[in-house]
Ligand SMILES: C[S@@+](CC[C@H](N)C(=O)[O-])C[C@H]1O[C@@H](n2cnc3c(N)ncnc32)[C@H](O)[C@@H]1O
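As a starting point, one isolated chain is supplied in structure tokens, in the form predicted alone.
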């Protein structure tokens, strides 16, 4: 394995610093843009290489001391070596770069990233694993567990639960520790940033006749927005989440457990597009081709797209630009110290799209 000297020019989504060796991109974990490092090439492909830092020759002014003794081994955090202010700048830049490169949006209408009030002890939920007496998280580069006594990004009550779990020497398996009681369905992991995100989504949508919430979970957005619409419909494949949403549903709330693709198209097809708003919060894979097609055929009056993956977000926005204008893109730091990024995007129909989208559509795919 050869060793090279690199100038780190950028930090890619996922957390690896990027240098160049003979024109080829070299990805080096735990480095910061502006640093000069010596790195050992571990894997070399045709267009890129992966390496590990062997010596930090010129450190960045943004380099800081990680608070976690497992940092660098654990697969959870990627940015504890970086000041929080620089983490925010890196994430903001990564979103903009993805929109330019993948989404073909020349000038993304970026808003400033919304930071987390707490940069440690913010997680309200973690999943740890037990195997052969070891309780903890998986290593960054191997499917092996690290024995973890305390997780610095987890809320104090979770670390108390972790200590109790470790004391009773649990059976092999996976254990989800939660700060909140209630149904075991998906919920946002950072309470303060989740509240900021909900307020942002609410501020971007006008009141109206119908709100369709795709991938609604237990109704995180739907219930907050229900009072502003004559009718709201939440769609989610997880029947347990739908059951939780239905427990205290108001008369104008409807929740549908089923395939999001088909239900989303059915709800949009039966609505008056000019009076319909949409919220979508898909998994990391982004919107399916079917949901993108439904949106560009029926063209609701406003769409708010909540994303946890800038790459699939950019892909989807590239497709949605056929009928929509991107009004704003707001990153949110839901997961400090990690490479994860949340985004909220506001879209409205381009001139003429809303009118054409509200015309009756004949679905030739159904018998």
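Residue numbers count along the first chain shown, from 1. In this text the structure is predicted, and so the values were computed from the model without any measurement.
Quick note: we don't show the form predicted together with this ligand, though the next part is all about it.
If we define contact as a non-hydrogen atom of the residue within 4.5 angstroms of the partner, is residue 117 a contact of this ligand in the model of the complex? No, residue 117 sits far enough from this ligand in the model of the complex that none of its heavy atoms falls within 4.5 Å.
I'd like to know if residue 260 sits close to this ligand in the model of the complex, meaning any non-hydrogen atom pair within 4.5 angstroms. Within the cut-off, so yes.
4.5 Å heavy atom contact, residue 215 and this ligand in the model of the complex: Looking in the model of the complex, residue contacts with this ligand include residue 215, since a heavy atom lies within 4.5 Å.
Taking any heavy atom pair closer than or equal to 4.5 Å as contact, tell me whether residue 281 reaches this ligand in the model of the complex. Contact check for residue 281: yes, within 4.5 Å of this ligand in the model of the complex.
Contact segment among 98-106, 74-82, 217-225, 201-209, judged by heavy atoms lying within 4.5 Å of this ligand in the model of the complex: Of the stretches listed, the one contacting the partner is 217-225.
Of the options 293, 157, 191, 238, which one has a non-hydrogen atom that comes within 4.5 Å of this ligand in the model of the complex? Selected residue: 238.
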